[in-house]
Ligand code: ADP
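Taking the form predicted alone, here's one chain by itself in structure tokens.
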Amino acid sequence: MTMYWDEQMERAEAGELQRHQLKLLRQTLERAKNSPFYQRLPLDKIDSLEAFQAEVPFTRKQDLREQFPYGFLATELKQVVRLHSSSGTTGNPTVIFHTKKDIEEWTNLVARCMYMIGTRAGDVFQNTMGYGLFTGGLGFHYGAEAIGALTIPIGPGNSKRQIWFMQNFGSSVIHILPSYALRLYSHFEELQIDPKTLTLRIFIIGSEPHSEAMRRQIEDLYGVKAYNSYGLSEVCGPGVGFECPEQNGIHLWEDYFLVEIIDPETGEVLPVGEEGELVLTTLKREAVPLLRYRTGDLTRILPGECACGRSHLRIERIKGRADDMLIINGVNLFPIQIEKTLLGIPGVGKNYLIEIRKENYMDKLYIKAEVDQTIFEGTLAGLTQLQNRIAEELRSELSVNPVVQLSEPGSLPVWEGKAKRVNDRRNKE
């Protein structure tokens, strides 16, 4: 059975792929000249990738906000059939428009991703992500229907109802936040249902940074394969990149995106293998082509070929966003490092919080972690031993001395959407 949605393109040799990219880039530059924001650039002079990198500056999220609402639109408004946007809780939202062809290409991208991991006609796809302005819901919905899977647009929350649908309709492919997957498992336990007795086989996880330890925990709890999805609404939504069955990096589809990794501080383009900020240029977008868009996501291009046979480059799991980095008394760290450490320690539960305070003019890192029920009902000495081990392993990983506070199962806050793990109180006290 083939595992390719578009075998010719997915396995295109490097030279062919580069020629295809350059052709699409020229078309994109022609479209971009119709955008009020890009009209100021000398796009007619660009005839190579080197010239593109030399002549075209980066586009930032702030540019999208400042050009609200139509400053990036490169088509007539009558050609636009849909918009998606961010929440805009701190000013103008980032608004992205789609033509009919943009929606068709986006659908094809997501279908390619889902087909690659084994989704087929006959599967029952349960989409627990939000619909509406958020791209995650509708993006996967259209992709699943293109494959021919029975699609359940259930949306987020109402955990017992989610389980009811899984039981009664034989859901086999689930799109879910990784933090919600762990929280949902507690409802399986409450209902005394073993999810491994259901027809679940594939989980698609993404939309929030998560560690390899969290992915493996989800796979162990549910008896499924969990695949990482990568996307961002500014360049379409989900479908930008996806893990293949090898689960060894995320393939970014180079027939849709031109990929660069840059030094976040200097903007210098980095060689393959070096970690930096991911920069994307759209190659097929009609309504809102984006040139050298700084995603803010930190990763690196993985060297070498993938055993799955696809030629498109792979990036490492997203380490976090450049603006997610925490600086504790001069030490740089990322929340995902804390998660990786916590989930690797037996007895630690499925939920945790990170809090940072200013005490005596110094930063103080607090880690609040739930413990498993068996540990919580054990001895005080057992709790103290676990607390000390967590503190020691975090200190080794972070080079910061944290204060570890253990909590009973289910006592820390939970969220319907993306988990809000960090509470930085240094500028609030």
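Bear in mind the structure is a predicted one, so any value in this text is a computation, not a measurement. Sequential numbering from 1, following the sequence displayed.
Below, we refer to the form predicted in complex with the named molecule, which is not included among the displayed structures.
Partner contacts here mean any heavy atom within 4.5 Å of the named molecule in the predicted bound form, and among 266 to 274, 315 to 323, 149 to 157, 191 to 199 they occur only in 315 to 323.
At the 4.5 Å threshold, heavy atoms of residue 255 stay clear of the named molecule in the predicted bound form, well away from it. Interface residue remark: residue 355 is not counted as part of the site for the named molecule in the predicted bound form, having no heavy atom within 4.5 Å.
Put simply, residue 224 is far from the named molecule in the predicted bound form: not one heavy atom of it is within 4.5 Å. Residue contact check for residue 243: none of its heavy atoms lie within 4.5 Å of the named molecule in the predicted bound form.
Contact with the named molecule in the predicted bound form, defined as a heavy atom within 4.5 Å, holds for exactly one of 171, 341, 108, 233, namely 233. 207 is the sole member of 99, 179, 299, 207 with a non-hydrogen atom within 4.5 Å of the named molecule in the predicted bound form. In the predicted bound form, 134 is the single residue of 120 to 143 with at least one heavy atom within 4.5 Å of the named molecule.
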